[in-house]
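Starting off, we have a lone chain in the form predicted on its own, written out as structure tokens.
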């Protein structure tokens, strides 16, 4: 659809709705979605703002390829200052909401201020209004979506909402659309809750348009879909096993963070793997995995739809969880499983359902439970405080603590702070496996060295999706590099970071990068958008976006001292596996990375770099 050339500005304090033209000069510099919304955000928001104050803004944003026939062109992002980190936050989601917003005629929604009462935003093409949401406050994501669709008597309405976690200020609350797709990280849902905004509901009937060269766009997108289909990862691995295809692979190479990163391999990995999800259970003879599912326009279909064992202790008395719903992805399975030493697949699916239902990031939640279990085993936390015995491996503790956190009850309030604040509160900040306050994803940086630099330098706190060097270091995409060495990793990380910024800004899913490079995105953008979109321009744009985010973080108070890893990863060698005896070589990689970036020794872009990038 390229750009609709207009966006909505919603002042929640006054209840006003305004239509503004898109800044096309900025669009030529930042393309859309992550890049363009970040440009708007940093231009309008003080970097020192309290993330949960009315002065913070929340931007829902699409890319120029969102809503088009480009494969995976259904993405949208949420940009804000994250309450979990205090850094720039950009959280990306799939499903159908982004395409629906584009088909209603909008590139972006900027939400500012705070409503005096709970509201939801209703968009029906050009009809836009804030409506009372007092009847929705206190409801889960699932209940909210069902209620809104019934209220408008239209099952095709797309809803993006928060659950009780977002209302209760869980600092890693996410925003969920289509029941189990989520803008998942950094606490964007907590910002939405702080503004008394329960949901955005959209019905778009305008369809797609504004493609600069429709015939060329159809031709090139067809060619690129063929590449995805013929690739081993996007054409076979992800459709068959989802991201869970990685569980046994990462475990075998000794990079599976286990029991709060004390270990690098999990003896129970096989029991919670993609293969286990497909096997028939001895209890009822049925497999947990029912089917795969695709987001709007996606030809990969990596999503999982699963059914839990209804006789499992977690749901035996809760029939509402017996139906088919969003299943475990690799990151959730790791965070809820290996990170806590839990190998009960059904317990993991139950916790995953609760995260979907009430809008919690399973990565940050599960990793925080890992810290809770370590503190419990050390005797710092007790059964009386937690409400249950919580050693590593306890599926019952995982289930109960998930319920408590989703509802904001008991010790769940402390868990909702995230591991950095919780570990500091109980005197052991070193046990928080975070960067800039955000919990690690499912790759140990002793076994995959590039990921250590990726985590340390990520602009939104520890994140694998900002520079997925696993593709190169483990899967050999686009070239195979040695995961156990630091050589060449600064250049690799920079290249992945810049390229990912391009994918995120286009409206396409980053999973396409297993088969595509920026050179494959370029002709699609060129055919869809007016102007010159050379490969050189896109590569420079990716670098510009990265430096813009870095500038905001520097102004917010982040320095080179924040580009580090927890002591455990820097001083405690891996005990087993290929990485046995290794720690993260971050100290070797960081200076070279700064130099490649054109930053000074304090991690600040130099005047020459800013001038070159037009910043």
Partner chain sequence: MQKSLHIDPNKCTHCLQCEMACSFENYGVFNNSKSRIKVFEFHHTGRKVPYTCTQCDEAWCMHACPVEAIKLDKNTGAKVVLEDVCVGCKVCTVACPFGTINYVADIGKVQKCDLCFGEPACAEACPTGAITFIDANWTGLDRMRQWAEKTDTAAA
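Residue numbers count along the first chain shown, from 1. Keep in mind that what you see is a predicted model, and the values were worked out from it rather than measured.
Another form exists, predicted together with its partner chain; not displayed. Remarks below refer to it.
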message: I need to confirm a contact call. Of 236, 388, 208, 491, which residue comes within 4.5 Å of its partner chain in the predicted complex, counting heavy atoms only?
response: 208
statement: The one option of 265, 168, 92, 293 with any heavy atom within 4.5 Å of its partner chain in the predicted complex is 293
query: With the partner removed from view, which of 300 to 308, 506 to 514, 337 to 345, 419 to 427 is the stretch that lies within 4.5 Å of its partner chain in the predicted complex, judged by heavy atom distances?
result: 300 to 308
task: Considering only heavy atoms, tell me if residue 69 and its partner chain come within 4.5 Å of each other in the predicted complex.
output: yes
- request: Check whether residue 181 has any heavy atom within 4.5 Å of a heavy atom of its partner chain in the predicted complex, and answer yes or no.
  value: no
In the predicted complex, residue 325 touching its partner chain (heavy atom, 4.5 Å): yes
- prompt: Any chance residue 225 has a heavy atom within 4.5 Å of its partner chain in the predicted complex?
  reply: yes
message: Checking a candidate spot here: are 203, 214 and 217 all in contact with its partner chain in the predicted complex (at least one heavy atom each within 4.5 Å)?
response: yes
- prompt: Can you name the residues of 96 to 113 that have a heavy atom within 4.5 Å of its partner chain in the predicted complex?
  reply: 96, 103
